[in-house]
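Next up is one chain by itself, shown in structure tokens, the form predicted alone.
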């Protein structure tokens, strides 16, 4: 099995493109085949210089290593369509010689005039086809001498595919089953542009054949073009590959996830944006795999290595699937929790560059925050209390925590802490339980005011891990500050309901 991902470097790799690459990759791995990357760079007008680097970087980030492609020559290159012009000219000449293609000399004005002249309510967008071609300037309507003269004089022209009239093209799609499309619904596709470069349709077919592609897996938007490709295979005397057209990715509001709808829904369009936002590659890959494919069970967590062993086209659905940022965030949180504290600490490092934290301190934050975050960056953002004492305390927890006996209780707790030599979280847990029991009060009577003193909040990660991170001196200092700040905040009426 040989499959390919063939993006155009006309912009940054978008999320739908990554899903297409993923499905091709999984199919190849499942069947011990080859995953090929081909850069379809014939659209020079829309070429973006940095796009190819972005495609390569995005695939590498996602773990989708290709077996053949740029930098990995394997006898089927070059893998840039812009470097294969001579190859395409050879095959377009075969099509011309067999009468399956023709020269067309129509100007943009000629084409516009034809569309305006033939437009009706029943046919609002007339096509350049087997009927209209006879009334245009091409090698069907012109004499051979006139065509030769036009070519010799360098008159601008394109080469079009000569579709047979009133023919039904049938092919089997691995996802949609038997598909039938009549040529009366299609136009005489341009195969070679006036600049001498091929269109996607010619280059795609020629390259897939010469590179030995066995399965073409691509987005649903290419389904209407597939009959043209099927005919090109026939015209050139080649066996067509298997086709599989993936379902659309839909916006949360319904309809195709266009750039506009994505922006309205706050959904990043390019893979680059997901990388910059701090998404885990495993999470995005797992999410995209289920955006069209079903494992047949309720299981949702599938690392790439597992997906590579179970993926199959027969479980890819035909219907579009809605994109959910909430679900993607859920996957991201799950994969962060699967990391070891040391691995997560490495994820945190870029976000804590200004904190001068030791590796052990970063790992302590990772352990503390791991169950509470959706993104690595949040671990530092949500643990600001570790780096500076609170300036004020949450209203409702403060009102609940500060009782008549609280000052005396905190004084005794602080004094007891001074005598402790073991300031590990495990020992502090036992210590606080023993202290509450000795004072004959509930745990909350001690834990809540201490937590507020240390963090300013009524909830958060383990209090004992916070104390261990801050150390004895800072913990006692913050409790001491609370004797002044908490009553002052209450007495000035800053607390809701006071």
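Numbering follows the first chain given and starts at 1. Note that the structure is predicted; figures quoted are calculated from it, not measured.
One more form of this protein should be noted, the form predicted in complex with the RNA, which is absent from this view; the next part is about it.
Would the RNA in the predicted bound form be within 4.5 angstroms of a non-hydrogen atom of every residue among 350, 420 and 488?
Verified in the predicted bound form; spot residues all out of contact, no.
Just checking whether residue 464 would be counted as a contact of the RNA in the predicted bound form - the rule being heavy atoms within 4.5 angstroms.
Yes, residue 464 lies within 4.5 Å of the RNA in the predicted bound form.
Quick one: is residue 385 in contact with the RNA in the predicted bound form, heavy atoms, 4.5 Å cut-off?
Contact with the RNA, no.
Non-hydrogen atom contact residue 150 with the RNA in the predicted bound form at 4.5 angstroms:
Although the RNA is absent here, residue 150 would stay clear of it in the predicted bound form, with no heavy atoms inside 4.5 Å.
Heavy atoms within 4.5 Å of the RNA in the predicted bound form: does residue 443 have any?
Taking the distances in the predicted bound form, the answer for residue 443 is yes, it comes within 4.5 Å of the RNA.
Listed residue (411, 143, 358, 107) with a non-hydrogen atom within 4.5 angstroms of the RNA in the predicted bound form
Filtering the options by heavy-atom distance leaves 107.
Ok, 116, 239, 300, 90: which has a heavy atom sitting within 4.5 Å of the RNA in the predicted bound form?
In short, 300.
Taking the partner as it appears in the predicted bound form, which of 358-366, 90-98, 286-294, 271-279 has residues with heavy atoms within 4.5 Å of the RNA?
Of the options given, it is 286-294.
May I ask you to list the residues of 391-423 that have any heavy atom within 4.5 angstroms of the RNA in the predicted bound form, in sequence order?
The stretch 391-423, when checked against the RNA in the predicted bound form, contributes no residue at the 4.5 Å heavy-atom cut-off.
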